[in-house]
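Here you get one chain, nothing else, as structure tokens; it is the form predicted alone.
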Amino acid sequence: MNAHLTVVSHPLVQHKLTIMREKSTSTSQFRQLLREISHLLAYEVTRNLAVADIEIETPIQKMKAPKLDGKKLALVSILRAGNGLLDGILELIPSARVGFIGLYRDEETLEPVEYYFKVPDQLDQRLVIAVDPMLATGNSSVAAIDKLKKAGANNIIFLCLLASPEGVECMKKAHPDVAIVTASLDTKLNQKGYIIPGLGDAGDRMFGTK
């Protein structure tokens, strides 16, 4: 993982993302693929978790073996589409603490509007992984990270499915200490603030709404 942006180029990630981009992909298939791809992205985003050796006993002998160390990490979903990534990662790390940030984008101004905020305690002692499938304008993501930092978080990774160059630059300018992990850095934003070529609205495609 480099200092700011990591694009996960694993063939399985890219294969599943291609199917998700197809407009003919059904809601149920899109949701399942999002869950599967979140597993793969979770391996990358948790690559540097702290471990400590503990003594265990196998059926053969005693040994020292690594186990996750320190405070349990916090997964924070940026509602509503973030839940698609959250559910998949929780299957791999069921002991993680979970938080939610409710934001929606004003279609006129493209600015974020907050409606909910609930996160675990002791964020200053945890790795915090904020999840949202799309990093588009970056405005909502920056607002979410602002809130997390105000709540004490100081070790944050932002995990998304797709990112735009504009969104990455916006995040880098506002939060240069927050690493971004994504499956694809797409071409640009259109005039409505949607990622091109993108995959449409992730929340709508995941929940079957328009």
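Everything numeric here is computed off the predicted structure, so don't read it as measured data. The first residue of the shown sequence is 1; numbering continues from there.
The discussion below concerns the form predicted in complex with a small molecule, not included here.
Note on contacts: among L85, I101, I129, A136, the single residue with a heavy atom within 4.5 Å of the small molecule in the predicted complex is A136. Within 4.5 Å of some heavy atom of the small molecule in the predicted complex lies at least one heavy atom of I195. The small molecule is not drawn, but in the predicted complex it has a heavy atom within 4.5 Å of A202.
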